[in-house]
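Heads up, the chain below is alone and in the form predicted alone; it's given as structure tokens.
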């Protein structure tokens, strides 16, 4: 199966008043056509930075991006001007974490969706409005014709998120990036939005990258998962395999700190000690070593190439020893 997204050796560095921030280092990703990849990890691990890099959304005067990004056969880092604008929205689109920040508060939701359609398809304003209505019906917004003329602040959080999805899908992109789209919603609405995204992805034949720090969400929506820590992908593979038999100690820690529906009520969660590192220097050793229960002196040396076995990858100098130690120690849902 062909890849719709290919990322090779992606590094993203930000210029700040406190110095350079090495937010992403050496990321490699593949997304197959029609598949969903879940990108998981703690806040600050580089998930959103990676996603915005796929669309070149970072401020160019403060950001240095190196590596290669290919979306639908196009070299994203070589595009500029109109070509980059044509890519965004048409080939690849994004559902942001907070829709109130994505919509312009002084224009109606319907006008904003119609504007995107007119820009990319060169159709009339009325045709854009018709597409906006079609997409709002598709994402199951109640009274969609009435909501076309609503301003963002006149909608509930769940309805705004659905409108954000309608905006992202209005030009039927080949790739959808969903950056923690359920974080600001209550539990019931979260489930509705997750089910909606999964249904739309299958119905429209899109490929999707779903960013989350919730292991349960990754299991629910994804075919494959990539685990990020301190700007690097430290484990990757089929979601069922990774979640039932994690290799990297960080993945094991995430699963050990997760609540599952069938968990014994007396069971205690095991928190990961410490905190993620500051990224004001280029980390060449294992960034998780200071928090890892299996760390040895060798972990403080430069990282070796990732270990790849079949359709799985992990970065740990003690593999497969650590994976074997934890094989029966982590309980995951069936």
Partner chain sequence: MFLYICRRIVYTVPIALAVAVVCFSLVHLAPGDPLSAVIPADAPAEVVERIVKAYGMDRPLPVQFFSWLGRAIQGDLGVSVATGRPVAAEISRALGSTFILAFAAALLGFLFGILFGTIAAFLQGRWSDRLVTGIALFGVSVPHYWLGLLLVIIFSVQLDWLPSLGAGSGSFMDRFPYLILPAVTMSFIPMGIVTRTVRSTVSELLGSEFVTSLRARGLSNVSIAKHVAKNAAPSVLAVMGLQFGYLLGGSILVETVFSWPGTGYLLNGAIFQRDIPLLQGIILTLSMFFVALNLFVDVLQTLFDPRIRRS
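Residue numbers count along the first chain shown, from 1. It should be emphasised that the depicted structure is a prediction, and the values quoted were computed from it without experimental measurement.
As for the form predicted in complex with its partner chain, it is not shown, yet the points below apply to it.
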message: Since only the chain is shown here, I'm wondering whether residue 120 would be in contact with its partner chain in the model of the complex (any heavy atom pair within 4.5 Å).
response: yes
query: Is there a heavy atom of residue 167 lying 4.5 Å or less from a heavy atom of its partner chain in the model of the complex?
result: yes
message: Taking any heavy atom pair closer than or equal to 4.5 Å as contact, tell me whether residue 89 reaches its partner chain in the model of the complex.
response: yes
- prompt: Does any heavy atom of residue 153 come within 4.5 Å of a heavy atom of its partner chain in the model of the complex?
  reply: yes
task: Name the stretch: of 304-312, 56-64, 22-30, 281-289, exactly one has residues whose heavy atoms fall within 4.5 Å of its partner chain in the model of the complex.
output: 56-64
- prompt: Of the options 137, 223, 214, 104, which one has a non-hydrogen atom that comes within 4.5 Å of its partner chain in the model of the complex?
  reply: 104
task: Go through 182, 258, 112, 201 and name the one with a heavy atom inside 4.5 Å of its partner chain in the model of the complex.
output: 112
- request: Scan 268-284 and write down, in order along the chain, each residue with a heavy atom lying within 4.5 Å of its partner chain in the model of the complex.
  value: none
